[in-house]
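Same protein, same chain, two forms; see structure 1 and structure 2 below, as structure tokens.
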Structure 1
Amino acid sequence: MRGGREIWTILTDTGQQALGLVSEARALGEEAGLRCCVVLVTADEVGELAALVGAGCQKLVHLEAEGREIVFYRPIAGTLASLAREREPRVILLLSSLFGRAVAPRLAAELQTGVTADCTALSMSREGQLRQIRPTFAGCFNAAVICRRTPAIASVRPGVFTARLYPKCALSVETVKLQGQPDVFTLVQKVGEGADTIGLARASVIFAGGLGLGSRQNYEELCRFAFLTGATPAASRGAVAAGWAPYSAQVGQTGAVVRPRLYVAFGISGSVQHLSGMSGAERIVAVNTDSRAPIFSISDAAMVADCNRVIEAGIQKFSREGLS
């Protein structure tokens, strides 16, 4: 494929993270003279389009898919590949959600091109190629990747881009039907909570707990404190690996990327992998017994204290007085 005049964003919803990616695609498209096209894969009617247009979408293709479950990933990727062969987008972007992680490699295989997973930054080179940045070696380095084939396919960590506001424009909308049969898999049962971290990434106040909490019971107390104050509980990978918190609560390189207004870290050391998921917070408060803990280097407020005592005091105060 030669690589034509479009940059695609393949989405399954039009939430804030999706809109952030559309805005990034539009900005990249403007740099390289590419039209920003959204391919929306959904079984539902396409509803309100103003948000998509505002985020920068210039063309919409609605792929009417019966479902987004594992049984449909192959036909979805197949249909997207046929479309891409016909229209030759130069770049295809997806979110690193369950859907994006399942579809991006299948699509790349169909189109015999490369995919860079879990990017945290994107730009266009002078030659008009997509420059993809992704953390590597446990977040110690960033790799810059350029795909020599087109389309370049990248999945992007949810939450790294925020939506911008573009002027209104007339949007062309086209509907395409899903081709092919469900995959060879049969969905038998869904087990546990979803591994997607979309909800967490939207939270505006987060209380996150780490191994410094000392026990699962103390993590539950942190959750109680969070619920009392309207915050969303989260965890370090240490706390998730200890079995105190579900994976969907994990913040960091292999969890969610969050950008809340306030992030309070209780008993979290501040490893590079954790920081890569939360350093974009507007305000960071850390509670740690070790005054040299790395988390303090990026905190706006530091409390050298036992986090469990702080949580306990907080629960007492808010249960007595409520939010005022």
Structure 2
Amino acid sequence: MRGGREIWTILTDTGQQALGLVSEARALGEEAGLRCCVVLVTADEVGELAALVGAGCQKLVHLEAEGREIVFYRPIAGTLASLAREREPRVILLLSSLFGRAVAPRLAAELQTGVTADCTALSMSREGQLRQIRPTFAGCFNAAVICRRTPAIASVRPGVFTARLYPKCALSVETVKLQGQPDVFTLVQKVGEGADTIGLARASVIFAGGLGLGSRQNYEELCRFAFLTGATPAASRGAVAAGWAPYSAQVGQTGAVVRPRLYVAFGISGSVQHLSGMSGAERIVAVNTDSRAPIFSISDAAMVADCNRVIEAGIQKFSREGLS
């Protein structure tokens, strides 16, 4: 494939994470002279498009699939590959959701090109190639990847990009039917995934715990405090590695990227890897016994104190007010 004049964003919804990726695609497209095209894979009819247009979408392709077919990734990837061969987009972007992680490698294999997963930043090179940044070596380094074939395919971590507002434009819309037969697998039951990094990325208030909490029991007390106040519990990589919290709660380069209104860090020193995942918060409060902890340098409020005592005091206060 030679690489045409479009940059694609493949989505299954039009939520805030998706709109953020559309805005980033539009920005990249303007830099490289590419048209921002959204390929929306849904079982529903295309409804209100104002949000997509406002986020930067210039063209919409609706890949129509029945509800049960959305989980059959092979025919979806095959249909997308046929479209890509015909229209030759230069770049294809997806969110690192369950859908994106399943479709991106299949699509890359169909098109015989490369794919970079879990990107945390994107840019265009002087030659008009997609420059993809992702953490590597357990988050110790960032790798810059350029795919020398087209289309360049990348999946992006939820929460990395926020939606911007673009002027209204005339939007061309077309509908494409899913091609091919259902997958070789039979869907027996679909089980909810529960809390995941996408849900964490949408949280408005986050209470995060690190190794400074001292034990799993203390992390569970943090979760209780979060429940009483309506916050979402999260954890540093160290706390997850210690087995105190599930990976779905991890914030940082190798976890979720979050942008809450309030981020409270309990017992987290603030490694570069962790800061890259939460520094976009509107307000940051840090509680740590070490007055030289790096996280204090980016905090709006700092408390040099035993984080477990602060959590205990918070639980007692809200319990007295009848919120337990």
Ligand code: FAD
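Numbering for residues begins at 1 and runs along the sequence of structure 1. In this text, the rigid core denotes the largest set of C-alpha atoms whose superposition between the two forms falls within 1.5 Å. Just so you know, these numbers come straight off a predicted model, no measurement behind them.
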Between the two chains shown, which is the form predicted alone?
2
Honestly, after the rigid core fit, is Gly54 moving at least 2 Å at Cα between structure 1 and structure 2?
no
Core fit, then Gly78 C-alpha moves 2 Å or more between structure 1 and structure 2
no
How about His274 - superposed on the rigid core, does its CA move between structure 1 and structure 2 by 2 Å or more?
yes
Ser236: Cα shift between structure 1 and structure 2 after core superposition, Å, came to 4.2
Core-aligned Cα shift of Cys223 between structure 1 and structure 2, given in Å:
4.0
